[in-house]
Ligand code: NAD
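Next comes just one chain, in structure tokens: the form predicted on its own.
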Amino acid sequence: MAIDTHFLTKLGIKKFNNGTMTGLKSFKSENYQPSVSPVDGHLIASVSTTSPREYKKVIKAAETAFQTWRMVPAPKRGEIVRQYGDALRANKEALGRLVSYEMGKSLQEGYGEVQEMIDICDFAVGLSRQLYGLTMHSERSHHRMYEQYHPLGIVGVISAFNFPVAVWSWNAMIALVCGDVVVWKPSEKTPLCGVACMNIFQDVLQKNELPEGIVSLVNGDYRVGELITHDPKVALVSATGSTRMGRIVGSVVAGRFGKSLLELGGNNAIIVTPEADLKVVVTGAVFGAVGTAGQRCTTTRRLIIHESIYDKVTKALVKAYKQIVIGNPLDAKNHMGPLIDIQAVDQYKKAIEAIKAQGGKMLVPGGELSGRKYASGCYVKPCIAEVENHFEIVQSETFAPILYVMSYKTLNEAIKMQNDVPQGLSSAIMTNNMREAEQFLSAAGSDCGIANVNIGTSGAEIGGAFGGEKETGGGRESGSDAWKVYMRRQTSTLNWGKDLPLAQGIKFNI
């Protein structure tokens, strides 16, 4: 398949004499890593990687920039973020295509991800005038007590390949209006998306005569991530990825008394009750399971269906799966693109073997797709497996388009099944019964950070805090009061009187 890659030039990614491309306009290196598209298997570019020596320079520049940035009034910091949002609007088509081509998600999802960046910029601009503290009454006369929030310093963001631009922006835009500076390590599987976002931001900083170190990029594998997590100069590490990765990051950062924000694995379920609207169920389940080829942390992995409608729902799903068109994600008529790489395909195949070995039944069989159309070797079939919730393979997160279906008798049983996994990110119930919905949303209902009614598990809306419980890590990003994670709280007491009365009525005469 022929892919037009002229959009790369608009994003500041230029060709060199050796036929490859490099990273930031202002940054060159002797070491490079390839970025290969799962869409067609072609090398898109070779991106400069960050050595330990270069990392120290980046951190030094960030420290220097923080001295300036923290004293810029928050609304003016918001103005810089607003300009970045406008720059994203101007580059939405090009950046959306890059997301789709480098990661493999559909072009509609690529555009949607850039739109999320624009939306979080808008949210952060408003937030820049709402970084509120509290005023409290002191027990001492002529005293005023209040709480205020100050920036932390350097925020390190380690993002995953499945959302190569949006999740960074959730963190970065909020951190920036809070007065922090940001050092970003994108996934080594999608480094060009990081380069493109950074090129756009550096243009905004230059136009405003602000230091480049306000936002920085470091590229490479897990070893570059280790530099961030071990660095005491990085006040907060926000990491998105697997639970295994989160255990390492969380323990290392805690060991140096730093702060961490962890967004880890999901094992998300939809409960389908007899009073559900079947059209809504099928739409939510299919998009939730197949969108981004099952590589979202909020992907629908389990469908818990009441026994009275089990056959009806599964038959509708099998019929819907026959209509899914798989192919080049830049072609709008295709519903599903490739997995990220060959290693992901291997994990997908191993998961199917485990399903069968543990007693599962394939209602829609999976498998690799071959032929010229799928020459990258990263395309697979979405599949549906009939399983039991306690199966070992069901208890883990498989980053692939595999949907598990199972039945239940009572709503209490269904909620217990929904909660009976180590992860706790997203959940949903499909019902038109108010009592069922309220039970699901109550303290005795879903134990996840996200709980939806008549909406699938997939996706997140700017404005609400995003994150989950248990092995999902407990972090919260994006909306609500998640901004407080990026700041340090300070309690201040001001004595405007002529005497110094002590708290609790203590007398100390000198």
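Here the structure is a predicted model, which means the values were calculated and not measured. Just count from 1 along the sequence shown to find any residue number.
What comes next is about the form predicted in complex with this ligand, which does not appear here.
Per the 4.5 Å heavy atom criterion, this ligand in the model of the complex is contacted by stretch 222-230, the sole one of 314-322, 222-230, 103-111, 279-287. Contact annotation: of the candidates Leu264, Ala428, Cys197, Val177, the single residue with a non-hydrogen atom within 4.5 angstroms of this ligand in the model of the complex is Leu264. This chain appears without its partner; in the model of the complex, the one residue of Lys356, Arg244, Arg129, His137 with a heavy atom within 4.5 Å of this ligand is Arg244. Taking the partner from the other structure, this ligand in the model of the complex has no heavy atom within 4.5 Å of any heavy atom of Asp420. Under a 4.5 angstroms non-hydrogen atom cutoff, this ligand in the model of the complex lacks Met362 among its neighbouring residues. In the model of the complex, none of the heavy atoms of Tyr408 sits within 4.5 Å of a heavy atom of this ligand. This ligand is not shown here, but in the model of the complex it comes within 4.5 Å of a heavy atom of Pro186. If you take 395-412 and check each residue for a heavy atom within 4.5 Å of this ligand in the model of the complex, you get Glu397, Phe399, in sequence order.
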